[in-house]
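Quick heads-up: the structure tokens below are two forms of one chain, split into structure 1 and structure 2.
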Structure 1
Amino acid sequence: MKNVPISYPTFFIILPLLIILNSALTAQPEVTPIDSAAALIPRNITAKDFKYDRGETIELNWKPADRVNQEMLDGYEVYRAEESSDSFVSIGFTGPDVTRFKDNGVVSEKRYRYRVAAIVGDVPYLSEATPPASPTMELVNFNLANLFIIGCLIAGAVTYFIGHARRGKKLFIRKIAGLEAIDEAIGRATEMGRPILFVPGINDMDDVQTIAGITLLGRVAKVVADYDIKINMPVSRSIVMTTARETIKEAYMGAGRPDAYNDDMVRYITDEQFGYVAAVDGIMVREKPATCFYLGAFYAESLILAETGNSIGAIQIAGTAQPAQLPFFVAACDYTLIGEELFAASAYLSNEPKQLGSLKGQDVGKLLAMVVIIVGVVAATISQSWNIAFFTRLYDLMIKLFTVQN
């Protein structure tokens, strides 16, 4: 194939076309000049102590810039420097829609300055430095004023009812069938000449349910000492054993029969849950107690114990604050102390003014909470259904009353 020479006129026509084509192919995408970069820099930046903390936080707030080219903004970078230094160090990054930042890395009583940069790509557009700010600790947190008022109301109610009881005025306490039946159940064991079994749960003395069970043991042991019948108390914790022995011993001394007390009334079995339950079941089958008390913290063993006691025909009084175990006790026992009834038993049986006053004062707190919940539900329902401003404000008030403000 022969080379065809290009004439000069053709060359001068093709060359400009090639230059234009090359420019079109290699041209970079047009970059919108960021004449609005300055507008992206946050404005009105304020740095101040975060109220009601321990003097370890400074809060920054700023106003976002104009929305021109806002889609180009990747976020805000926050920089901090001590007052005497011009070396600003990055301490955090926020999204483009965030206008607030909490600096938790400051030291009380030191003063700090801040700059906030608008980040576009990898380029920061820095703001001016803020005036120095220092974190301080406030002695009183007024955001918790609502809880303080509620606490004062409950404490005032407790104080009032304790004084009321000390003056000899009778406080109404709802009758609890399980506690009323204690004397009857022990009397039945006396008539039958059979022992009493007392199980204080499987937790140690650091559990409030065990403490409540031992408190009731004092009442049971007092009647047992008066009636001169046998009590058998197998335990799964050594400290519970020691406490129970002292409780029963004190009851016998109070009845004027210290010689009738025997340490073998309380026996340590084992810490292992089902090994303990198997041993207690064996005691129940062999000795056939006339009355069984289950008062304390129970778990999977609750139904095993209650069913065994039911099979030997014993009167059973149970009490626990474990919600999952209550149905088993209710089904298999004659009387069941449900939840807080176990904790109220000491005040119920002793009629001691401090305990009775505390019990009634707590009831006032529960009543207050119940009233607030009912009023809040009604207000929320009406405000949502009919959009009545009064009920909307009432609902907001109920929320604030029981909410901790940040």
Structure 2
Amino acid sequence: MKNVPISYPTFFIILPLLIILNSALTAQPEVTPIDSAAALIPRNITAKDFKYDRGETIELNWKPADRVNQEMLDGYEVYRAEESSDSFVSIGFTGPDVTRFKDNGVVSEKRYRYRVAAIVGDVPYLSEATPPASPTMELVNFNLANLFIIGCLIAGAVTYFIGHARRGKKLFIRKIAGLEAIDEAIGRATEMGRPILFVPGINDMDDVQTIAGITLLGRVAKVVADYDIKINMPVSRSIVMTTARETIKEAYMGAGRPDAYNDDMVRYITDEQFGYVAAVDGIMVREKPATCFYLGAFYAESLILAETGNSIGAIQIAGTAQPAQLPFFVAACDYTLIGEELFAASAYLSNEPKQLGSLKGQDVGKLLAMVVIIVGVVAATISQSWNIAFFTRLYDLMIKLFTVQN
């Protein structure tokens, strides 16, 4: 082969040509052919009112173009215009894998049109405008129908059993072990001839735990009045003080010794949480009660009280429905009424239709949950193992019944 010498003028023509060619090659995506542009445009765009809201959202759904895969796309951009205008404004982006958009920048009953663009690089491939849609307000959220039905079932059971109890029919409640513990604890105070301390929690009478505590106080006060034991009850709410005084007074009248009662048995200390705790601690250390009751709503003071009671060697009975405080009572007290046991004990003792009926009604709810859990778990496991259609349908039904949509 013979070498062809390249002259300088030729070189100067070829170099710019090469540069142009090179830049044309690297910038290829910019000159997209028309037919591939059409293939990128998202299709089947629907804009409709988002159901069951206050009329402030329109929901958009679309499908990616047939030949589009997610790696190609940078995402979608959504544009909106009012029905009468043609100026579409960008209102948001979604990722390439999302084909749904909720527009909550709209005003109820106005009509809007939308366009959705697939974004590749910086280039939007715009769809046609959708037909106008307008957001409307719905008064009832039918998505929550299952919640309503199950709620009605339990509320209905509560109402039914309250009525049942009011008509004087007997409702069975199992014996609560804690009640025996209460009797034993009072017995010990009698033997030792030392006082009983009763703390009804730090909430007011609007808390159902306090009410349950006061109901149990009735039981304690009855024994106290019968055996003439000293009871000491520091409280942190004025209304609780009044109610507790009434309860104890009633017990003393029932025992036929109204003269033995005096108002100082129940004393108001302060509403301030730790001020109250400090005072109760002081009382414990000074008076060394043989038995301490903590029945009601407790917070951070639970362990402080129970520890002090422990240090003076008192028998301690606690009961609260505050989940965070239960571990401390369980650890430091001789017996603890856990959560609903407090209410059950109160209902058991008071025989009050409202308390009894509520407890029974809630039992119906618990029974429902137990049945659903057993059936659901069995159905799911069997359906998974042997793929039996009946169990799959059963499982789906259970899930549908308990799914809360928002």
Partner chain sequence: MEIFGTWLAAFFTLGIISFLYRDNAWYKLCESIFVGISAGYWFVTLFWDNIHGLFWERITERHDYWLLIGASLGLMMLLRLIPPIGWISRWPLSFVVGATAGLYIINYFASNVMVQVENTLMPLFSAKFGDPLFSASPYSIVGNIVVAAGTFTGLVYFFFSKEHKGAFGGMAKIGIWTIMITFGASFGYTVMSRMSLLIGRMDFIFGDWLGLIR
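Bear in mind the structure is a predicted one, so any value in this text is a computation, not a measurement. One-based numbering along structure 1's sequence throughout.
task: Identify which of the two structures, 1 or 2, is the form predicted on its own.
output: Looking at both, the form predicted on its own is number 1.
Where is the hinge, among G201, G178, V280, F161, for the turn of one rigid part against another between the two structures? Of G201, G178, V280, F161, the hinge residue is G178.
Checklist entry - Any idea how many degrees the smaller rigid part twists against the larger between the two structures? => result About the larger part, the smaller one turns by 23 degrees.
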